[in-house]
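Just the one chain here, the form predicted on its own, laid out as C-alpha cells.
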Amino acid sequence: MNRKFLDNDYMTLIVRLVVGGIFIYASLDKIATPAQFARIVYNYHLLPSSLINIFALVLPWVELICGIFLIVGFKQKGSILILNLLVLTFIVALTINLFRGVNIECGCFTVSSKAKSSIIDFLLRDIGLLALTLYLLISRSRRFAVAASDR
C-alpha cells in the first residue's frame, strides 16, 4: 500500500475521529447500565463468573478513555494498541460463539435485548473496525495531535 496514503494527515485524523467516536458511543450505555452489560458478558460463557462484574465495570471505561484520547491525540500509540487488542478480542469471542452455535446479544453499542443481529453481521462490522484500527496503528501521521511526539 502507498505510504503517502497511509501517512495522510487528514485521512488519519478522520479515521481517528470515527474510531474514537465509535468507542465513546459504544461505552455510554454499558457505563450507564453495568448490570445489563454484565448479563451480556455472562452469556458469552468465556469468563469465569468471578471476573464478569469487574470486566463489565472496567471495559466500558477503557473504551471511553481510549476513544477520547484517540480523538484529542493524546497517548495515541497506547490507545490505538489497546483498541486493536479489544477489537481482536471481540472478534475471537464472537467467532467462538458462532462455532458453538450460540445466538448472543452482542452488547457492542447497547445492552438492550432488542438489539439483536446475526453473529456474522457483528463479525463483519468488527472486521471493518479492525481495518480502521490497524490503519491507525501503521500510519505515521503526527499532525493534529496534542503531543506530536506521542505517536
Partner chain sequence: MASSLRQALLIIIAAAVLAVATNSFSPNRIPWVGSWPSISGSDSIIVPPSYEEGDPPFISLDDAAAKYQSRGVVFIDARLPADFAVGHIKGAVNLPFDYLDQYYESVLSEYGPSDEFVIYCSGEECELSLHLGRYMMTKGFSKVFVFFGGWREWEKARLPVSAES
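Positions refer to the first chain, counted from 1. None of these values were measured; they are calculated from a predicted model.
This next part talks about the form predicted together with the partner chain, which is not shown.
Among 108, 87, 94, 66, the residue placing a heavy atom within 4.5 Å of the partner chain in the model of the complex is 66.
With the partner removed from view, the residue among 38, 28, 98, 123 that has a non-hydrogen atom within 4.5 Å of the partner chain in the model of the complex turns out to be 38. The closest non-hydrogen atom of residue 46 lies beyond 4.5 Å of the partner chain in the model of the complex.
Among heavy atoms of residue 81, some come within 4.5 Å of the partner chain in the model of the complex. Interface residues of 21 to 35, taken as those with a heavy atom within 4.5 Å of the partner chain in the model of the complex (partner not displayed): 32, 34, 35, in sequence order.
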